[in-house]
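Before any questions on binding or motion, here is one chain by itself as structure tokens, the form predicted alone.
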Amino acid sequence: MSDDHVDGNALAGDLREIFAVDLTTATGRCAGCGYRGSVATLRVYRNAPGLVARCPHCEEVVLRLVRGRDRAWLDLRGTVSLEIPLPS
């Protein structure tokens, strides 16, 4: 392995820019069936400890979001990729 790396703090600026946009317009791809569609098309269920978003095509869980008093947990395990439009 090479030593020409920095720690994850180098991602701070880019991640702040990305997550400061409306993610409902982002296009995701389901890990279960490959369906591509905007986050807004997901089926969101609220009767869990957090929000659970399922693919509208195959019903696989694509995203989980749990909020606490001072933090949030985002699980994108069911998402192969998320294409996020950035402001010009």
Partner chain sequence: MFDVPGWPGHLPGQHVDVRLTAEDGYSVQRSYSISSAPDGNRVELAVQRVVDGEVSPYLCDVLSVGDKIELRGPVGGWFVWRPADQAPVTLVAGGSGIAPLMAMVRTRASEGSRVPFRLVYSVRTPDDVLFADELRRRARDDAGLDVRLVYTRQTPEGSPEPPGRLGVATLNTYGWPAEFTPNCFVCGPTGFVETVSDILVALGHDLRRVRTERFG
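Residue numbers count along the first chain shown, from 1. Bear in mind the structure is a predicted one, so any value in this text is a computation, not a measurement.
Although not depicted, the form predicted in complex with its partner chain is the subject of the following passage.
In the predicted bound form, its partner chain stays beyond 4.5 Å of every heavy atom belonging to Arg77.
Within 4.5 Å of some heavy atom of its partner chain in the predicted bound form lies at least one heavy atom of Val6. Using a 4.5 angstroms threshold between heavy atoms, Ala48 stays clear of its partner chain in the predicted bound form.
Although the partner is absent from this view, Cys58 stays clear of its partner chain in the predicted bound form, with no non-hydrogen atom inside 4.5 angstroms. Shown here without its partner chain, the chain has His5, Val6, Asp7, Asn9, Ala10, Ala12, Gly13, Asp14, Arg16, Glu17, Asp22 in 5-23 lying with a heavy atom within 4.5 Å of that partner in the predicted bound form.
In the predicted bound form, the Cα-Cα separation between Ala72 and Leu15 shrinks by 3 Å or more relative to the displayed conformation. Distance between the C-alpha atoms of Ile18 and Arg36: longer in the predicted bound form than here (change of 3 Å or more).
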